[in-house]
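Have a look below at one chain only, the form predicted alone, in structure tokens format.
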Amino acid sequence: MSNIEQTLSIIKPDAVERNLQNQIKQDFINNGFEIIKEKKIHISKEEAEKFYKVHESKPFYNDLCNYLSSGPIVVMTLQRENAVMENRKLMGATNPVDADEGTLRKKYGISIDKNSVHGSDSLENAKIEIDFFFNH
């Protein structure tokens, strides 16, 4: 039985600034993802704080929120079999230095903070994150 899932992907400000969104979208398509919805937006610091609320207690929370709201981002709903896990594999480790060859963060990431892409870490969070950007 196929396990078609949806996940959220964000092309972060550092990648949009370098005009990499089409390349990154092509990488998703080449890896079997279908882009169901997408939009380019610029969110406020307050919206970023809501989005990253799960990380509120972490020391990097404020920087994360400042960064996500620092410029335009492209948010996408991706669909394929095992989308959440496959997207995380394709993105690679949070720190581009540790990411495997061929992963998005290895190819495009600048640093642990400016690592070009975000992806949901679970099906439950994927639903919450997709709703956050597309259903309100």
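Note that residue numbering begins at 1 and tracks the sequence as displayed. Since this is a predicted model, take the numbers as computed values, not measurements.
The same protein also exists as the form predicted together with a small molecule; that form is not shown, yet it is the one meant from here on.
**OP:** Quick one: from I43, V84, V75, L64, grab the residue that has a heavy atom within 4.5 Å of the small molecule in the predicted bound form.
**Re:** It is L64.
Original post:
Using a 4.5 Å cut on heavy atoms, which of K37, K89, H55, K50 is close to the small molecule in the predicted bound form?
Top reply: None of the others qualify; the residue that does is H55.
Original post:
Does S9 make contact with the small molecule in the predicted bound form, using a 4.5 Å heavy atom cut-off?
Top reply: Contact check for S9: no, nothing within 4.5 Å of the small molecule in the predicted bound form.
Original post:
Hey, in the predicted bound form, does I128 get a heavy atom within 4.5 angstroms of the small molecule?
Top reply: Outside the cut-off, so no.
**OP:** Examine T94 and determine whether its closest non-hydrogen atom to the small molecule in the predicted bound form is within 4.5 angstroms.
**Re:** The answer is yes: T94 has a heavy atom within 4.5 Å of the small molecule.
Original post:
Is K25 close enough to the small molecule in the predicted bound form to count, meaning some heavy atom within 4.5 Å?
Top reply: Taking the distances in the predicted bound form, the answer for K25 is no, it never comes within 4.5 Å of the small molecule.
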